[in-house]
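Okay, here we've got a single chain as structure tokens, the form predicted alone, with questions on binding and movement later.
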Amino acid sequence: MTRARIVIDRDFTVGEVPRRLFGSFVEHMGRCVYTGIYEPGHPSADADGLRTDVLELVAEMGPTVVRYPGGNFVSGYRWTDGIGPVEDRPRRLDGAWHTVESNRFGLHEFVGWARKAGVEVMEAINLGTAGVEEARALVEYANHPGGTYWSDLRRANGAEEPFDIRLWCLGNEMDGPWQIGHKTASEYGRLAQETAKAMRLVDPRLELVACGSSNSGMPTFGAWEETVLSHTYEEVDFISLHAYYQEHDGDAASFLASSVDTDHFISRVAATADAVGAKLKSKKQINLSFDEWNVWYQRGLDSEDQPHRIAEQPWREHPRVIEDTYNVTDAVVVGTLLNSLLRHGDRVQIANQAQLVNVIAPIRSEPGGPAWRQSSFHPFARTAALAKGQILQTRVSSDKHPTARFGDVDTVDVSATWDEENGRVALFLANRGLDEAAEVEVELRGLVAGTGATAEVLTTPEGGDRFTANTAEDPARVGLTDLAVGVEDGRVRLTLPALSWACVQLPVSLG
């Protein structure tokens, strides 16, 4: 039996839970948009062609902000293609994902979807093939009340009131050679600086995200952030991070410890940003936007129906691309990645799980058919719902186990929040151990546990194994079940099954 002791104290907090931490991502890639969130003719479609069965799952999942329209897609995208009468919109070749983009779904449709979903729009602009002029025109179109060319065109296209989009990404992964319009750090930094200035001259309320490294393994990681921020520091509010994880060669122990890498990644980017700020003698602080993260099995970006790379496929509209099916192990990893984001909530103010539907997504759907929750849906939904108030520092004394990539790691991973207004502590726990249950004791300081504690757990279902997943035929195979939790002498005790993620709701009062 593995053991872990966790201490939390109401006086030792990280900061307020950022509501934008529970974001998602919709890109014109595969079936995320078409037959994902948008499918005219589907039995559940509303008058705007939006799938209400997917909207219901989105509401349950609880994302607060959604990044759009990319991703790699945005670096070759002309936003003007997606406005005006649908029948007049051009069909284009999208080089990022080697598909034909019909542009039936564009800015107006997405804003309409976002309002029905109750999420904030995080708009990405093209700094690959476009630049300053296109960006400031888009801001004017989206946010200016009227009386100018672009704002009056929006009104003519059916949106009398501004979209009032506050959060904007200055391009996407511009350090990546795969990116259309790939740039050096200096080239991108200067372009982002001038674009940011021009956008804010149209609307000074904007919050802007500069592109950081595509991942921490890039050869320019660190140097890229330093150079980009040396140009943009006073013009932007955030620097982005992207990270995807997968199991390699059956090394489940390292995969389950992926959040160790996330912790290091966040700390290094924050330190680099602070070093640039110190060098510039700036009084502002750059925060972090972890605007792409997830488990992603990158098998050469294969399609399900043809085992070839995307660029070798025929030009098609919204083909099936990277529709990963997530199992119990993946869900536990997603839970630990959410823990890492929470633990760093003082600096990570925005995070977007990529993507929302069908493409490496917690929600799956079939054309003309059902929509269902993947295993990874549940840790996100419960964390988004319960993580409120203050993020509590956690002191963990846990048995450890070895991993090939990260050395010895804590077997039990945890984050915690305290919602003073509602008198509740929420604990989010994962047992990374594959074989042994974990006895967990949580000591409260400055807080007194009341009665009525509850816990839910996601683990291997009866008769299954760690690869068990939900499917259209069996959409509830992996889910949450009740877990026994006890409170005695100011301590919370529970036993986590092997390979599991759990959330605990604990009524508390001040002590």
Ligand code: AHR
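Start at 1 with the first residue shown and count on from there. What you see is a predicted model, and the numbers here were worked out from it, not measured in a lab.
From this point on, the text means the form predicted in complex with this ligand, which you will not see here.
Distance criterion of 4.5 Å from any heavy atom to this ligand in the predicted complex singles out A354 from the list V348, C169, L127, A354.
Among the residues W113, W97, F380, F105, the one placing a heavy atom within 4.5 Å of this ligand in the predicted complex is W97.
Only one of 42-50, 25-33, 56-64, 466-474 lies within 4.5 Å of this ligand in the predicted complex by heavy atoms, and it is 25-33.
In the predicted complex, none of the heavy atoms of T403 sits within 4.5 Å of a heavy atom of this ligand.
This ligand is not shown here, and in the predicted complex it never comes within 4.5 Å of any heavy atom of P362. Although the partner is absent here, E173 lies within 4.5 Å of this ligand in the predicted complex, judged by heavy atoms.
Within this chain, N72 lines the site of this ligand in the predicted complex, having a heavy atom no more than 4.5 Å away.
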